[in-house]
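Shown next are two forms of a single protein chain, provided one at a time as structure tokens under the names structure 1 and structure 2.
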Structure 1
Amino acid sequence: MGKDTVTITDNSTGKTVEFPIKRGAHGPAVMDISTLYKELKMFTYDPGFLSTASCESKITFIDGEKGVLLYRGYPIEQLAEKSDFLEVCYLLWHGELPTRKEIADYRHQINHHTMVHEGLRDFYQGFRRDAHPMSVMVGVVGALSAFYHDLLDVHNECSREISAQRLVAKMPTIAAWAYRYSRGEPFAYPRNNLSYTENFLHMMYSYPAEEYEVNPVAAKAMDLIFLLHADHEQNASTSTVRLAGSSQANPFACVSAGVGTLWGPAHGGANEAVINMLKAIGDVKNIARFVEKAKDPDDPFRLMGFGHRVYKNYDPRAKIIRKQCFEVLESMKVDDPLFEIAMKLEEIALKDEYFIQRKLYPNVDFYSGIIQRAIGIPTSMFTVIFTIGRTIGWISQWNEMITEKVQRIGRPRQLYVGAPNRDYLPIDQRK
């Protein structure tokens, strides 16, 4: 192996080819195999893309071994303590933290894009009342392109930025209305005098018949949840948005594809699964039995909220949100038996050799569901909350992808293991 190359030899032909090595600001080096098929007539086989970098990106970095998460180079711990969600949105989109004027202008733009087209309000009537809110989100977000088709030129910088602002601004409105529709309650319109998170809670819980005062503790906790979920490298939903965008589909369609991917219980639906698991455990005295079930390879039961595809250390977001969880329950005087179960389960799992060896530490989903439950958000809305926070990450990743110098539509290859070439048989000759 040379200094900046990796040499691969095909033993069947004896041909040797050197592939360049790329090194980023952080993380492992990457072998550039873009010419592998051209040189050796081979593809790589990497199910789930465990060892494949699908793109170059300047947005988010994760070191799963050390438990590090950076947004544009800034540690998530610093942003969680000193920043807020909209400032992080600006950072992810623009690449730098804003000045006072820049953030003031950005907040103004977001606040004044929160209203949705009145025709979109009527669109909700086409859904069943008992539809899962995420199914509504997939449909309504995708429909945005039918109502905001004036600026869909993906090659125009101004059009991309306005579409991004529309998505970030309107997502809480769309989400809150999905909740209100499922309950048969009147839609609440956004108010420009409220902050981003306050506006969401106002649209979730206010009624025309009386004034609604947003609980500042709930608003702070919700803002933190949005911030912690804003982006997370090339996860399943982000990769979906990038892949859809590579076809030059409009940003609303791409984000809708991301919403659908996020809905999966192995991705954004994990925090909902955590609450269901805690309910199934039911009492702290049952924890030991469920822990043993989780260890049993013949038992399908798994402890939800433990372990992560990338983190092989304590999820840094879990450390941050754990503290917020205590503050919310104490400030809001919530006596939730599920929290007691969660704390005891965490204590046992962190001391159990089975979990330690497998590096199954609590992740962000373990605590976010308990906070939302304390605020009064129903379990069916948990993944919707995730969607609101992740929208800025999706659209920032999409924007980065669409502005790359070399544009190529995503086209993974495969290892075909089906039937070999065969001839068609007339039906009377088939056995």
Structure 2
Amino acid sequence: MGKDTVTITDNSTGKTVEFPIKRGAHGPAVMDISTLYKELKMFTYDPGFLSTASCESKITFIDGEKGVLLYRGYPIEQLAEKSDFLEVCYLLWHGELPTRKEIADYRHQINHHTMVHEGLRDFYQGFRRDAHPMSVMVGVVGALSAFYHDLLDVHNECSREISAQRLVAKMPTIAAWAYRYSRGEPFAYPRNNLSYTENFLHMMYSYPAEEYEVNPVAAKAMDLIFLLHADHEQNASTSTVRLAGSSQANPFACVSAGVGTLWGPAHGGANEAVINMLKAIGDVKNIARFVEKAKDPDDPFRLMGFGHRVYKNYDPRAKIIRKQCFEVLESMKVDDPLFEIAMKLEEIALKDEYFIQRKLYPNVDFYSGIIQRAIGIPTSMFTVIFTIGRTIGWISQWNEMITEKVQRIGRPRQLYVGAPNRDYLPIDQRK
């Protein structure tokens, strides 16, 4: 038996099989069990994929025990301090930081894909004004393939790159228009003289009646939020995009599926749920009661923004956002009582045995809403903001999947526990 193998013995038959171990650059090794069914006529069983690696990837690495997050090998703390969102988009897609010329070309490319087909503008009229903006995002992003069907050949590198640039560039326009539509306000068009994030804020808040000056503090904070949400290895929404892409569906349809998955409060919808939770707590004196509710196994309430499948330490993104909260609130002269409640809640929870024992720490969603409130983003738009940031991660992971040497549709199996094989029962014999 080689040292780079694992041996599995089926004791019911006495059959023993060796499987190769594959080791990566960082993180746990994997046992390649792709021949398990052929050898032992058995499947693995891992609901929620707690112990399952679904793919090989070079894009993002997370060390949950140490609270480490790397984008293409670069620590998130360094990128947050020294880079910006569009440079990180280039890095995630291409795998290397751009030269001066490369990033200038990329910024130009993205800036010149921010407009959307006017037919897509009319699409909004079909939604109710009070629709949740994420329902608009699911619909409009999915509809992109009806307007940009010229370059949907997933096996053509140039088509893939332009579709990816269209998605990154148009997401802020689609998102801002969802916000404006919900308020019955005119849509603002993108401006090529503004940066990516300035453009988003311009489309969110500028009005035809007067000049609009983007607040640089708000733009910097928004750019950091996009950057911190850009990618996160094989999370639920990224796994959805990869699975959809494995059927060779077009990239717009795949990303639309990712938008739907991100909407869930257990995933990207948590940032909105955190603010609603902090509002429900209302005062630091009520924190203890909510912490008890969160610990009660019979109560479905959980502390939103707490806990993570991978991080069993402080989410490094939460640390960066928490620090940025102080700076943004100070410079925007905003005194948000919810921030005080959030910090007190964190202090109490991190000293509580229930949370310590389960290694439950604040995650990226816990503080991101505080910053977004400070720069005027409404709570219902928080997951839409997450969508804008995560689009580059989704499409870069999709591109990695679709360019793998061995292309296979993702098709998990199951443990069947339903009714055994039985004959049809005539209706007069049914009870």
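The term rigid core refers to the maximal set of C-alpha atoms that superpose within 1.5 Å between the two forms. FYI, numbering is relative to structure 1, first residue = 1. Since the structure is predicted, the reported quantities are computational estimates derived from the model, not experimental observations.
Peer 1: I want to make sure I have the labels right. Is the form predicted on its own structure 1, or is it structure 2?
Peer 2: Of the two forms shown, it is structure 1 that corresponds to the form predicted on its own, while structure 2 does not.
Peer 1: Does Y205 count as moved between the two structures, where moved means a C-alpha shift of 2 angstroms or more after fitting the rigid core?
Peer 2: The answer is no, as the C-alpha of Y205 shifts between the two structures by less than 2 Å after core alignment.
Peer 1: Once you overlay the rigid core, does the Cα of F355 travel 2 Å or further between the two structures?
Peer 2: True for F355: a C-alpha shift of 2 Å or more.
Peer 1: If we fit on the core, is the Cα of C158 displaced 2 Å or more between the two structures?
Peer 2: Comparing the forms between the two structures, which are aligned on their rigid core, C158 does not shift its C-alpha by 2 Å or more.
Peer 1: State the core-superposed CA shift for F290 between the two structures, in Å to one decimal.
Peer 2: Displacement of the C-alpha, rigid core superposed: 2.3 Å.
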